[in-house]
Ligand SMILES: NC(=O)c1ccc[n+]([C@@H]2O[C@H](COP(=O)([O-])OP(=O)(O)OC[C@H]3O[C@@H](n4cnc5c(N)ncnc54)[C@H](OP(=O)(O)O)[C@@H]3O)[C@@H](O)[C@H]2O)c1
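Shown here is one chain on its own, the form predicted on its own, set out as structure tokens.
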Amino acid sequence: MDDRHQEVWLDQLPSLSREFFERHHRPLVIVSYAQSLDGSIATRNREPLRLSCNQAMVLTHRIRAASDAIVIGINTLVVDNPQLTVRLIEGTNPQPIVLDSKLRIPLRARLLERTDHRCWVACVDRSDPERIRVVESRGAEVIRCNGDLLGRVALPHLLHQLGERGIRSIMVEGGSQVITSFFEARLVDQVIITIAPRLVGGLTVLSRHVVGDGSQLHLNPASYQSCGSDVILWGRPQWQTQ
């Protein structure tokens, strides 16, 4: 995928994701994040890093605008308190979704104050009904999902519910636990990684082993794009067994 094909892919993402949904009956999942040369996405004490150059940030907002929804985990929300809007280009804001199995979302989170989209908060089905009522009183919509073996939101069930709500593509932006979970579940369809020319020695994006039992994750096809001082890696995950 050269630079021109990458531009076309983003422009065609709405139609591509609809075709994907018709074939696979779930939204297309795009994982996009920035890392240093040594794979760090945060410092060792978990402080966030600004890694992307301005041009790469514009690309990130283009991906946001092309996606139906954007997903982050509760830890990212607590640390960064983001708005998850499209700001650096003209475009439509994606539907914000927070994975929050225990409904820890702060009631003063900026996502709960947005007026263009009602924030969707995905929790496990056994969450406290009173806490659900309080969170929804702040404007959120709580999506109750099955839990996985670790008590987290079961991603296949979440994707099924998102598909029923008309979501055809989602951009997974962080943090490391959420990105790892999507890879572990083999529910990643496109990877877009911004690589900044820095060595940090911090926390890496994959918080647990996502390969094992002789399997390897390859990006095929894969391509690279210069973007200011950064390099963007585009790839389609394929699992191979040795």
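The shown structure was predicted, so the numbers you read here are calculated from the model rather than taken from an experiment. Residue indices: 1-based, along the sequence shown.
Just so you know, the form predicted together with the named molecule exists too; it's not on screen, but the next bit is about it.
For the candidate spot formed by A65, L111 and A196, no residue has a non-hydrogen atom within 4.5 angstroms of the named molecule in the predicted bound form. Stretch-level contact analysis of 129-137, 162-170, 145-153, 113-121 against the named molecule in the predicted bound form, using heavy atoms and a 4.5 Å limit, identifies 145-153.
Proximity of V79 to the named molecule in the predicted bound form falls within the 4.5 Å heavy atom cutoff. Among residues of the shown chain, G73 is one whose heavy atoms approach the named molecule to within 4.5 Å in the predicted bound form. Residue contact check for D38: none of its heavy atoms lie within 4.5 Å of the named molecule in the predicted bound form.
Taking the partner from the other structure, the named molecule in the predicted bound form has a heavy atom within 4.5 Å of a heavy atom of L203. Between the named molecule and the residues A69, A56, V188, V178, the one pair within 4.5 Å by heavy atoms in the predicted bound form involves V178.
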